[in-house]
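Shown below, as structure tokens, is a lone chain in the form predicted on its own; questions about how it binds or moves come after it.
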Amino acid sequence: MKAVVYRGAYKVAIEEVPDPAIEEPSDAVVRITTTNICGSDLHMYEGRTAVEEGKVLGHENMGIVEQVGEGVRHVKVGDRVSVPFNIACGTCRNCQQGWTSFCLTMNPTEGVDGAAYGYANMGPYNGGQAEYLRVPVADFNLLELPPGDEFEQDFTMLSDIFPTGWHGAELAGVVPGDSVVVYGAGPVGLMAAHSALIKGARRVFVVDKEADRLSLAAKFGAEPIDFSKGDAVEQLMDANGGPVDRGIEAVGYQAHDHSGQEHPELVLDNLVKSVRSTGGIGVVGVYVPEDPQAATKQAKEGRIGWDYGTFFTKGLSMGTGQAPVKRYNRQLRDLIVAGRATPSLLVSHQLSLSEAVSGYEHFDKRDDGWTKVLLHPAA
């Protein structure tokens, strides 16, 4: 089959790779109808991770079940399914408590709980930017979707970014009536804003400097703040009449100021300033234990020197970590079907698999209008 393969910093290639096969009785093979390029994929694309050359990329996947192992009881050939990016066993302590993003058994990488498709340090699993994908523990991991092709662009967000945005709002503790700020208007930040509004927030502000992304934030009903036009916190305070109730970090360790200088602590510091005392912060932007290309010596070791002193003094709370997709995806699917959620608003480009190399280049350069790229392997 054809697949997107990592070949080094700023280099991916479309190559022929072996077809996936049933390896365990609980496996399924899914024919991919839509797979997305994620902002997290760009960490690998830019050479900022330890991903090995030859890895098939892609953790935002959906498609049609083509084959099932003899131990699969519920998933059937022909089912239309969403594939959560978490690969979970369903039986360990964390999985049983709903924390499938920290499964204790599926990732053999020492010191890492949680497994995923096509990602650095997340296990030996190939990704779904390909024509087919092997899904372990299919009965537990797959989410059934209505048949046909309706809501394809919406449902493809259920594998990662919509649940991740929702998780950011959950970690921050968003409740009806809250004011919320989201730092970062990439796909996850936009989904966090969308989620906060669905959850009943009275005002949601989104901070970024890219005009196309801020325009999308407004389409989702949020109030954009352009930090290239002035201090983000000052603009927020002026607009809201003081600090907000909740804040969501959707940028991660490669945060930049308006001039393009990298400051990994920048967004965390701004959130501490932006959120009222006893408020909550949810961090779903990616941070890593080590980053050889980081701007500072400490950051290269995963140590971020942010304003913890003020965080403590204000009695703030913070939740972090990858989203346990299964905790949210069924409800989010139903919100889409009911017309209450429209994550497809952020889709900018739909490409064939053969156009993935160009898609990565444009998305990584933040070229105007390239906000979310979908790949269709069968196109």
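Since the structure is predicted, the reported quantities are computational estimates derived from the model, not experimental observations. Residue indices: 1-based, along the sequence shown.
If you look for the form predicted together with another copy of the chain, you will not find it shown, but the lines that follow are about it.
Three-residue candidate spot Gly177, Leu197 and Thr278; every residue lies within 4.5 angstroms of another copy of the chain in the model of the complex by at least one non-hydrogen atom. Comment: 311-319 is the region of 311-319, 44-52, 59-67, 31-39 lying near another copy of the chain in the model of the complex, near meaning a non-hydrogen atom within 4.5 Å. When another copy of the chain is considered in the model of the complex, Glu24 lines it closely, a heavy atom lying within 4.5 Å. At least one heavy atom of Leu335 is located within 4.5 Å of another copy of the chain in the model of the complex. Although the partner is absent here, Asp269 is a contact residue: one of its heavy atoms lies within 4.5 angstroms of another copy of the chain in the model of the complex.
Heavy atoms of His74 reach within 4.5 Å of another copy of the chain in the model of the complex, making it an interface residue.
Distance criterion of 4.5 Å from any heavy atom to another copy of the chain in the model of the complex singles out Gly305 from the list Pro147, Pro108, Gly230, Gly305. Contact annotation: of the candidates Asp257, Glu301, Asp226, Glu152, the single residue with a non-hydrogen atom within 4.5 angstroms of another copy of the chain in the model of the complex is Glu301. The partner is not shown here, but in the model of the complex the stretch 259-298 reaches within 4.5 angstroms of another copy of the chain through a heavy atom at Glu265, Leu268, Asp269, Arg276, Ser277, Thr278, Val283, Val284, Gly285, Val286, Tyr287, Val288, Pro289, Gln298.
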